[in-house]
Every structure is written in structure tokens, then in C-alpha cells.
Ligand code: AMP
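The chain below stands alone and is given in C-alpha cells; this is the form predicted alone.
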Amino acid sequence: MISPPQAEALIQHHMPRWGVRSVPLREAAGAVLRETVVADRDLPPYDRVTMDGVAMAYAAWQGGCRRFRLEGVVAAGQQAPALHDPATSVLQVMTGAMLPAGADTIVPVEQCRISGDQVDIDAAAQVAPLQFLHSQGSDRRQGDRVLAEGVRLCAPHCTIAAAVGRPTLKVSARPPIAIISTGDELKPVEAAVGPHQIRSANDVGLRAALQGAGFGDIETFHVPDDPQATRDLLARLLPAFGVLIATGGVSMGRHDYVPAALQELGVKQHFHKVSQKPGKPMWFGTYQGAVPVFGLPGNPVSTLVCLHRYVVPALALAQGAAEGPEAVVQLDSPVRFPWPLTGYLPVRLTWAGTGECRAHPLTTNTSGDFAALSGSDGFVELPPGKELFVAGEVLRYYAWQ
């Protein structure tokens, strides 16, 4: 067996690097950006009013003027006229409006009495130069970088891209993914089940996790515990998909046919079995040097742990995603792990009053105890070589999402 870091390194070494495609901005969420995006103009592009009120010259207020003539109203989206007489006049402005030339401060409407074309400002009003103004270019200047290559696009990124006039973006390709569930005991979720059968759940969980990670072109398949059926299905899927993920059929049991079928079909094995619990039987190989194939154990906890520990990071690497900081948390209570392996333990996150993120261990009955995951947020990695992990110990953390 190899260690988890060795498995991770082998997977990363053999992952392909997927190409680049241009997509409409409305379809870019969840994809990895493969270009640098710059501001096409200053942000904001003009001196922007941030409060409903009146725009005036601070010098007039400083000179003692409290009654002004109202020259007009400026709404957001209008080209603001200049103040004709900054010493004695103001313009009423709305939030988002352009600052009129000759004005350099805003007095909130609550501190003004407007009657016809006359504006009286409360004597007790607090007025300072540049108040309630969002100055042109104070966020970014034209040509400044606003999005870095490698970010996975979410709502703020898409908002920024729209604001700088990018109707299309260059993003990483997202190849189709096949999920293969194995086993005679599996039945579809909607089907009736006998006492000797279980509902197929791993494929549902894997699909949900991959969709949450930004992948959408996913198909699921089922194959019974039959060597020829296993070989036939894999032979059909290998040239048709960019990634294959099998769940079940990869251990050393009599009906675990996946590794042998893959090797018969020319998939090069890079490792089989990792020194960890759960997830020890994991298998990884590549087809024609371009299609990664992951064989995950069939127990639900093992499947989800291996997916988040190895598969999701590997797919992000193939997309060119920027590597983020390693997530770590503190245990809030001691844990014993008596096996000479790397352990993966589901946890629920809590936050201390001092701001530290704490991880509360959640024990599972077995690696098939998927019900125990309902209250968990992710899992921590327990390094090998010690049995007791004390409260306050800092451990690497993997989130389910």
C-alpha cells in the first residue's frame, strides 16, 4: 500500500490538463477562469452619489451659506449637469447618480427642507468634503486586474465580469464524467427493494458532490457483478468520457471485477490500495494517458471520503484551478485511532467565542454508516503514527462542499 500523500502525488502527476473554451457569461458559474480579466474603464466610472440628498460645493457651506437655490434633480443614469452657481445653488441627487461638476459633497435629504426651488439645510447638519461620494476609479483603474486566472467562478466573479463588459469568458473545458455503480444488490431509488437489496445511493452522492464542485455533464451507469458485463460497459465508456469514476467492485472480493476489466482494456494502473481508513481499496489509473479512471470503494463513507480527498482536487488541477490555502481546524474533544493508517473522521464544525473554528468528531458505526454523515460538515485527516489526538490539535480539513 502507498500513503495518502503518495497517492495524491501520483494522481496529480498523471492528470491531464484540459483545454480552454469560450462560454457566455450566463453559463460560466462553476467553471475555472482561464484568462485574466481587466477593468475596461475606471470603477466606478464616475464620481457616484451614495445617498439621496443634495449635491453642493463644500466651500459654500464653509462660507456660512445655509439656504440654496435648487437648480434641478439628477437621477441615476442621467448625465449630470454642472452647478451654474456653486456658491448659492444645489442639485437634488439620487443614490447612484453622477456627481454634478462644481459639487464636491452630499447632504442627506433628511437634513434638508425642500420647498419649491429653495433648499434650507439644518444648521446642525454635519457636512464634510467628499461625504457620501464613491470617487471615480477608487475601486480599480482602467486596465487593472479584476479577476485572476484560475479562480472558480461564483456569483461575485460573474458580477464583476458583467460590470467590466465581458459577455463571454475563457474557461477550462469540463469533460463529461461517467459514474459507474457496481453490484447485484443495487436497485434504483424509485424501485421496490427486496430484503436482500439496497437502493443505489453512491451514484447520487457522487453526482451531487461533483455538481457542487462545478461539473455538470455527468451520466450514471450500473453494472451487475458480472465480469463480461463489467468489461463491456467499461469498453463502451472509456472512449466516450473524459473521466470515469467507479464505485464498488475494486477490492479483493470474488466479485470485484473492475480492476481486472480495466487492465484488460488497456487502462494503466498507477496504484491500488492506500494506507488509510476508510477507503483503503481505492484504485487509480489512466486510459491512453488522457482519461483518469478512479475506482472508489463501495461503502458510502469510503466513497465520499475518497472523492473529496483525491478526485475533486485532481479534477480542479486538470482545470487549471488556482490552489487555495490548506484548510485546518482544531479538534474540540480527544479522538482515539488505534490503527497504523491515516484516518479520516467525519466532523461537525462549531465556532468558539474567540473565533477559532472547532471540529467536533462524529463516530460512524462502519464505513457503510452513511446516516452518520447527516450532521457532519466534512472530515479531518488523522496522520498515522499516533493513537490519541487531543482536544485543540490542529488537523487538515476537507469539506463536503
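Note that residue numbering begins at 1 and tracks the sequence as displayed. Owing to the predicted nature of the structure, the values given are computational and were not obtained by experimental measurement.
There is another form of this protein, the form predicted in complex with adenosine monophosphate (AMP), and it is not shown here; the text below is about that form.
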* To do: Can you check 89-97, 197-205, 141-149, 117-125 and let me know which stretch has heavy atoms within 4.5 Å of adenosine monophosphate (AMP) in the predicted bound form?
  => 197-205
* Any chance L186, D256 and P300 all have a heavy atom within 4.5 Å of adenosine monophosphate (AMP) in the predicted bound form? -> yes
* **Sole residue of T230, S251, Q319, T105 within 4.5 Å of adenosine monophosphate (AMP) in the predicted bound form, by heavy atom** => S251
* **adenosine monophosphate (AMP) contact at S181 in the predicted bound form, heavy atom, 4.5 Å** => yes
